[in-house]
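So this first bit is one chain, no partners, the form predicted alone, shown in structure tokens.
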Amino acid sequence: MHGSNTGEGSEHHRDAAGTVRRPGRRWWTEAVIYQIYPRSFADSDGDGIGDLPGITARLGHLTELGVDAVWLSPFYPSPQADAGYDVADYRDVDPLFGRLADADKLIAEARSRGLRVIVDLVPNHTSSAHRWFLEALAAGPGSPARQRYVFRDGKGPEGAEPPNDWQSVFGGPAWTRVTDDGHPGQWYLHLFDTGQPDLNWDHPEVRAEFLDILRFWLDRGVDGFRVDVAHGLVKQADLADWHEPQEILSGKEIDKPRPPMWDQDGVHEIYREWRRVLDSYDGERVLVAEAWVEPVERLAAYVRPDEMHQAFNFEYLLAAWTAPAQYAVITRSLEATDAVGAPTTWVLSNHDVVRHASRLGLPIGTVRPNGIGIGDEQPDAALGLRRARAATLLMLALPGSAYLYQGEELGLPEHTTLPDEARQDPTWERSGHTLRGRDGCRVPIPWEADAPSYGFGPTDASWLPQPPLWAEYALDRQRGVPGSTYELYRTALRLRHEHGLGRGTLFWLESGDEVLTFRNGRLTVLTNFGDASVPVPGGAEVLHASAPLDEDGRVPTDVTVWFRS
């Protein structure tokens, strides 16, 4: 038996059954939040790039679907070296996406529909086009302007070698040398693209600037911030060499040394200060950590009562599609967040990983690929969608909060045959064409099967090419169609709300090698991972299933069923 913790803070008591009960429900503890990748959601002006007016015009889809909030990936002014995660101005909107007034209108329209709005914040690095970095280049070595970033002299003769051996997440060295007074000069750190210089978070001016940025958007009515690379801001002071392969994950062993660029304890002081700012505003504003941190005990530190409100559970996203693996990660996640009085946050897809409708179509045990392209092992599309639907129903029945990525409610697969010449993710170039990167999950989504660009915009323009099979996934082909993936999601979200699953308590009933069964409130959830079908208890009332049951009412393989008994 396992009782989930879905309240907040330290005010709680346990009833006679040992179940955690807390007063003061907060919206974010059980919300379903929908991620919008703005350039790929809806294009209002026909230039092939999605925009804020396009999002505003499609908000009705989100209320019809039944989500509680929306998270917007970056829409700030940017050279787009990394699809907007290289921010040149944190207080404006890139003309690609509209104007600041369009952001205000979107926030107001969402609020009128009962939707909360979370925006992306990118504090680990700025764009190389940010005024601070331009000032740093002009000011030269030793200047106050350079102290805002991580500039260092090189090693070796004439400083020709990088300051250390760190590698970029996107491939290649994490250092780039600049020219000072017409001669090779210092090096600057960029854990990602060369156009994304890392900020120096030991600098008080950097800390003050981001407090002001928080207030700027809070004053405009946003409900919170998803914090990009939340575990990366603080670096080990000596910038020690790291001889292991560069991974954005901080490390799986709690007692082993952590990489010097990830998950340093100093980040927590920053987020405690941010939390005080958010708590000074009305309306339950939230901080959400994108922290690729393992094990979950380290991740839980980000959601202590005076820090972040949520942290993405990437260990859950990465877990294998087997009953033991799913049981283990769900149990560990709930126990770790219980220990700090926080809700658990579940996610299966986002803009950085292969969509789960394709990922789960690969053989179990396959290492998660960084993109899939022509010539790579292709997923089994039917198997992947079947497992994805089962995984989604399993996830949406868990207590806590859940995140959906645009298009997953349509069952969209990865675009696994995207032409390499169309790729724009810097990973593709920086890895020497060895890693295809994230473009396959970022292709503009289909709304209407027979419209130009499948209804993405008024023309055929699309910043990444859409595959011909997108038509069969279009929303207008699925709305009102029993058994469609869209209707599967709508029904699941309605039942999740009606049965209070997000604020419920998980009790394991069966956790074997082939079947997982748990109870959440009055609902029982069963997922069959085995080869043989399994029975539903006699007299059970089936409320929802990820695929049809057998003629005799048994649950086939790779199917999740919700029932009342």
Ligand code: NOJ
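One-based numbering along the sequence shown. Just so we're clear, the structure is a prediction, and the values are computed from it rather than from any experiment.
Although not depicted, the form predicted in complex with the ligand is the subject of the following passage.
- The listed set 285, 430, 438, 146 contains one residue whose heavy atoms approach the ligand in the model of the complex to within 4.5 Å, identified as 438.
- Scanning 358, 344, 349, 196 against the ligand in the model of the complex with a 4.5 Å heavy atom cut-off leaves one residue, 196.
- Within this chain, residue 229 lines the site of the ligand in the model of the complex, having a heavy atom no more than 4.5 Å away.
- Although the partner is absent here, residue 85 sits close enough that one of its heavy atoms falls within 4.5 Å of the ligand in the model of the complex.
- When the ligand is considered in the model of the complex, residue 442 lines it closely, a heavy atom lying within 4.5 Å.
- Though the partner is left out of this view, residue 307 does not reach within 4.5 Å of the ligand in the model of the complex, counting heavy atoms only.
- Stretch 77 to 85 is the answer when you ask which of 359 to 367, 131 to 139, 77 to 85, 297 to 305 has residues with heavy atoms within 4.5 Å of the ligand in the model of the complex.
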